[in-house]
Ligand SMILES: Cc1cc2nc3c(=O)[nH]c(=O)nc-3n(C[C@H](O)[C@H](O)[C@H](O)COP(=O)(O)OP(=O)(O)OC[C@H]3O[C@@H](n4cnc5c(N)ncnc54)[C@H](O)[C@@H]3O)c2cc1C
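Only one chain is shown below, in structure tokens, and it's the form predicted on its own.
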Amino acid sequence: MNYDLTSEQLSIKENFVKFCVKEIEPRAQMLDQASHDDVDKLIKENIRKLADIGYLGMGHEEAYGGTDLDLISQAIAGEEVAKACASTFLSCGASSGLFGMPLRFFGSEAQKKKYIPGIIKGEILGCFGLTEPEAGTDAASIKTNAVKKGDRWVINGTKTFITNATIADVALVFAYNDREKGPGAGVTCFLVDKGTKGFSVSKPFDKMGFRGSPTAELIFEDCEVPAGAVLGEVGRGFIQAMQTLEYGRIGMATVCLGIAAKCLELANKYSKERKAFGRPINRYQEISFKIADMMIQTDVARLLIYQAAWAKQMKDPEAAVLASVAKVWASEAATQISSMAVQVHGGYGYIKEFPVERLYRDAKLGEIGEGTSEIQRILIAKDLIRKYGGK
């Protein structure tokens, strides 16, 4: 097996390292500490900066302005974005990925032309409305409903924990149109533009981590949309959502990898400079072993992400479970690694002036978002039972 990156992938990595260190990383602490209004302004600026170098178009077709690069190349670029600012990665991913990918695969030509070029340029921002106050891990239990009235649909319900809610120009919204058919045939996905009557957004949540990426609720009160707002086929929304979340899990694994890699970098640098009892602290086994473990976990996460990305690119039926494996490992590794990085920094790791404090808070989301670690283990176990459990 050849694990070498192609010349194009090496170039992507080099270019994104340079760009993100210069343009994105210096703003990460500012985003984390900004007011909600300032966050909306700053994150939009970051998204536009990344749009200008082609980041938002990497997963989209050339016909709409994208570059249609492979998923490993996207993961390579994404790791560097996440290392520089995890919040920026999250908001970019919610728009070009969670919103953009369903549009790419299930949208009509008219819908693609209307939204995708703007998404790629950062001129239109999207969000993905699936989770509800009483339906997170159990996505099939959503209560939002859509009723057909003439040539229009009327949507009622609330979506919560929606990344980009306060800055999005358009939302993908999943609602039951026929509960008797169940989620497999009774949920439909709708495109709802900002400003549509009956569609509003709550005030943003005050979060522990990823504070530079706005999160809020989407509220639908007799919100009317035309028949042309349906994404793909009526009744296929839940299937569309589950297929999209395979990409989302690779994305969440990637942001966790970026956090882990940055923590490793910072801990390694600090431990070489900080002295105790006359020696750099990295000369003590208690510290050097932590850094060694951080490297092991980070490298494994990267390999699992590349494996899942390759499988998804090749349409391998194993892609779904591999995405779950990568997401569990990378997210839990990021939590552990960020904790070790704080420990290596000692008291300074507990102070906001040092980036590991922010990274420590950011890391925890990885074990919750895009399907909790618990639900990923259920999916992995089901796959193993199907393959090896027998009758």
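For every residue, the number given is its place in the sequence shown, counted from 1. Just so you know, these numbers come straight off a predicted model, no measurement behind them.
The form predicted together with the named molecule is left out here; the points below concern that form.
Contact with the named molecule in the model of the complex, judged by any heavy atom within 4.5 Å, is made by just one of K148, R283, K207, K194: K207. The partner is absent here, but in the model of the complex a heavy atom of T137, alone among T137, S108, S202, S288, sits within 4.5 Å of the named molecule. Picking from 361 to 369, 46 to 54, 340 to 348, 31 to 39 the stretch near the named molecule in the model of the complex, with a 4.5 Å limit on heavy atoms, gives 361 to 369. Not displayed here, the named molecule is approached by G129 to within 4.5 Å at the level of heavy atoms in the model of the complex.
In the model of the complex, no heavy atom of F238 sits within 4.5 Å of the named molecule. Taking the partner from elsewhere, S73 is found to have every heavy atom lying beyond 4.5 Å of the named molecule in the model of the complex.
The closest non-hydrogen atom of T215 lies within 4.5 Å of the named molecule in the model of the complex. In the model of the complex, the residues of 139 to 163 lying within 4.5 Å of the named molecule by at least one heavy atom are, in order, T160, F161, I162, T163.
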